[in-house]
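Below, in structure tokens: the form predicted alone, a single chain.
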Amino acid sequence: MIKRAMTHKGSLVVVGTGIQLGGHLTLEAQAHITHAEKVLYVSGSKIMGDWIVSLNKTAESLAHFYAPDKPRAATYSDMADTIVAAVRGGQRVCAVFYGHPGVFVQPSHEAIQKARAEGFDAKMLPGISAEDCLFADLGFDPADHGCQSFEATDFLIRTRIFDPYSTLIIWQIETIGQLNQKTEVGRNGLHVLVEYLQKSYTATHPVTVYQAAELPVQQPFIHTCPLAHLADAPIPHVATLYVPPLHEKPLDPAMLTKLGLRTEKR
């Protein structure tokens, strides 16, 4: 493929809206949305979509690429191709995604890679993610015990190794084992997840189902239950599972000595 010159007019900036409407959008991201020659977006709600359109009348939703039983990979590829096509047309394009544009957003990464491969200027700006909201709403510091983060289906099919003495975060628990666009919660996948986690945690270990608030007037969804009851718990359409550590992991005396640290807990 012949690369285009970097001086070509077409360019791409990928930004995130954050989770909460309006309040999470950075000033830098808003400026790019406002001044772009073409805005393409995937929003978390119609209200957010309408708000993006109010910032730039060229804004066009990519949601029409979603379809029942259509593989998500195909949907994301179509979105990326549409974004890059606009860049090839010589426009300054701003692609807008819900939350952080680089977290669980395959088309954003794919579009940037394709645009750069063809010689266009393309970059991503950070945004507030659901994980950022989770830290605040559930009130824990990921530095205290460490923090592990996995997508639910990947976590199971690759039998990911994890440390039960550290915080465990599992994403997209409502669609475990589902490769197509679905509207119902996959309860069978939840039963499989519970079975797998009970190899490391007791049935009574508390877990929390979480969804961040999308509007300032809303409260986050927070439901805590014993692990054994997770498969029957209320699950929102975008659900994250927080699993706290079993307890503090014992210190390693030999490593403390190597590091010249005192043996009592800090």
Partner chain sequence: MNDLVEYLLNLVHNPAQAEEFRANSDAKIASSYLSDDDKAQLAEMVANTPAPEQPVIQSGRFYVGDDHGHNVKVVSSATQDIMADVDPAERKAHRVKVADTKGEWPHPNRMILKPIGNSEVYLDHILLDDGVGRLKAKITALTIEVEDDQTGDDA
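What you see is a predicted model; the values in this text were computed from it and never measured. Residue numbers count along the first chain shown, from 1.
Another form exists, predicted in complex with its partner chain; not displayed. Remarks below refer to it.
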| property | result |
| --- | --- |
| Selected contact from C225, A31, A231, A63, since only one has a non-hydrogen atom within 4.5 angstroms of its partner chain in the predicted bound form | C225 |
| Proximity to its partner chain in the predicted bound form (heavy atom, within 4.5 Å), stretch among 193-201, 50-58, 31-39, 66-74 | 50-58 |
| Site check G44, V84 and A239: each within 4.5 Å of its partner chain in the predicted bound form by heavy atom | no |
| Proximity of L138 to its partner chain in the predicted bound form, heavy atoms at 4.5 Å | yes |
| Close approach of V13 to its partner chain in the predicted bound form, 4.5 Å, heavy atom | no |
| Proximity of P253 to its partner chain in the predicted bound form, heavy atoms at 4.5 Å | no |
| Contact set, 201-229 vs its partner chain in the predicted bound form - heavy atom within 4.5 angstroms | T204, P206, T208, L215, P216, V217, Q218, Q219, F221, I222, H223, T224, C225, P226, H229 |
